[in-house]
Every structure is written in structure tokens, then in C-alpha cells.
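As a starting point, one isolated chain is supplied in C-alpha cells, in the form predicted on its own.
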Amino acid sequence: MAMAALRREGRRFATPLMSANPANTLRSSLLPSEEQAILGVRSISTQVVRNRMKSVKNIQKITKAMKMVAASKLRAIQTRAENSRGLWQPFTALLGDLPSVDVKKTVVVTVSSDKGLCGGINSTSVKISRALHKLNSGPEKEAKYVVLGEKAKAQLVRDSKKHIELSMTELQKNPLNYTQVSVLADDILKNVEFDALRLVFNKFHSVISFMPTTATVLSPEVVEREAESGGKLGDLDLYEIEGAETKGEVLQNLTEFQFSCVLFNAVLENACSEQGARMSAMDSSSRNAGEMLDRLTLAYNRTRQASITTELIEIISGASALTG
């Protein structure tokens, strides 16, 4: 929006300098300097500065409006994000978050935004995703991407197009709820083979602070293997399974529910971070526009004063020549 407004202002900025009639342009170039002064040629520089000031004011209005919109969206999402943290924390206590588990098939789930003008949160997520992909790639290892959001997709498709297994965009076109995210999680689990899912997102702390975060969700087979080996998941054997379900079926259900809860929290946390970063970016843009407006106002006043001084000198010189 801001760039479109800037282009519009740029076209309007160039219009006064172009004559609608080429004959008038040619005629003005052939006129004596006294007649050009009468026609206002000398005031072109002040007109240019005035048009530029108007363009900067319009852009400042847009950035202030975008900051207010981001603030209202942030308030709506922040409460939901804080409430969603209670969904995945019990799973972390039970199944753990084991980023160091050695697996053969890794899927990096990168959560990003669909829109820009929000600082470097998307670039940070992409850098961490690339590092995880490189770390989990090798002769006997396989790593793939699942991309959520247009901005991460645009960056990863440049050099890792063949590694992108699945991509989804326009997640925040409508307010997200757990049902919608669980459908997305189910699509990912059905279409991607994995031993470990590693989610990369930005965890929201405050309007000016967010932390790039990685969460790990293991497949039921890896969870069972780690539990049998007596690692950090050895406490699972202390629980008794009631009903006709086997241990594998219980772990399968737990894994699916864990992934949907972690993904729901990741999407909301990243949305909060996006709106907070956009607020900061638009606030900086508004301040920069104000500083530029001050400099343009000073330049306009100096140019106008110089033009008036020059005209007064010419009038006085002409009067002195007539009296002399």
C-alpha cells in the first residue's frame, strides 16, 4: 500500500514539470529572462519542494494508519496466543522437546507471514530453517521443507525449490481457530513422511521483542524407540494404557494432537510477532517521514527566501539604473 502510494505521489510529483503543449515549452525557452520570470519559471524549484512535501505527508498518513491497524490486530491475537501456550506445554512435559534426537527423515516447518513491511522476522525464520536443513542433511539423512506463508516461500524457492515438500499461503486471511489449524496439521501429516518435525517460528514477548524459536515433534516410532532405549522418554513406561488401544495407537494419537497444538501456538505466536514488528516498522517510517518533512520545510523556506531576495535585488538594481 505504501509503495503504491509512493508511486502515485511520484507520478503527481513529475506532472507539473511537463508541459501539456510542446509549443509552449519551446516558446518559453525562447523568451527573454524577464518574461520567464513573469511566467513563474524561477519558482519551479519551490514548486518541486512543495510537491515533495505533499508526497511525504501522504506517505506519513499511510504509515500512521498502518501502525494503528497493526496495533488493533495485535490486541486481538495476543490473548489467543497466550491462551494457546497451555495446549502444548503438557505435551512438552510428557513427550519432551528433543532437538538433539538423531533421525533420518527431518521435515522443517517454517512459519512466516503472507505480507511484508514487518521488519526482518521472515528473514530470521528462513535463516534458521536453512541452518536446520543443512544440519539434518547428509548421505544417510533426508531433510524437506514445509512452508507456511508467502514470504518464506518466496525466499526458499530461490535455492531450495526441489526440497519444498508442501507450501500453504493465506493462513491469516480469516481469523484462525484450532479447527482450521488442525486441518492443516492433518494435511501435513498425511502428505509428508517424517521422523521428526521441526517447527521454526517467532515467539512473541513484547511489541519490540520476539524470539526465533524451534519446536520438535517426533514420530510415534521414534518416540517408542527413545522410550525403550531409556532416554529422556523412558518415563512413558510408567503409564498404564486403559482400553483396547495398543501403545503404538496411543502414541500415534498423542503425536497428532501434539503437532496440531504446537502448530496452532506457532501460527498465533508468529502472527503476534508480525503485527508487533509491523508496528515498530511503521512507527520508524512515520518518524523518518517527519524528519524528512522538517528538512524539506527548511529547504523550501530557504529557497523561497532566496527567490524573494533575488527579486528585491533586481528591482533595486533596475530602479538605480533608471535614476542614474
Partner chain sequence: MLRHFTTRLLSRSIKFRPFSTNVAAASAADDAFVKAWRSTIPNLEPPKTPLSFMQPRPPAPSTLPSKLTVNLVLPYSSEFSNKEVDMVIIPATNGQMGILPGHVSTIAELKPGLLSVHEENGVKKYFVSGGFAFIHANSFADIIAVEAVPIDQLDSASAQKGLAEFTQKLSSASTDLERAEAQIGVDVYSAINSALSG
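Residue numbers count along the first chain shown, from 1. Remember, it's a predicted structure, so these values are computed and weren't measured experimentally.
From this point on, the text means the form predicted together with its partner chain, which you will not see here.
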Segment assignment from 148-156, 177-185, 105-113, 69-77: heavy atom within 4.5 Å of its partner chain in the predicted bound form: 177-185
Partner contact for P220 in the predicted bound form: its partner chain, 4.5 angstroms, heavy atom: no
Contact test in the predicted bound form: F194 vs its partner chain, heavy atoms, 4.5 Å: no
Exercise: Q172 in contact with its partner chain in the predicted bound form, heavy atom 4.5 Å: no
Contact flag, D97 vs its partner chain in the predicted bound form, heavy atom cut 4.5 Å: yes
Among the candidates V250, A227, I164, L189, the residue which, in the predicted bound form, approaches its partner chain to within 4.5 Å (heavy atoms): V250
Partner contacts in the predicted bound form for 199-214 (non-hydrogen atom within 4.5 angstroms of its partner chain): K203, H205, I208, S209, F210, M211, P212, T213, T214
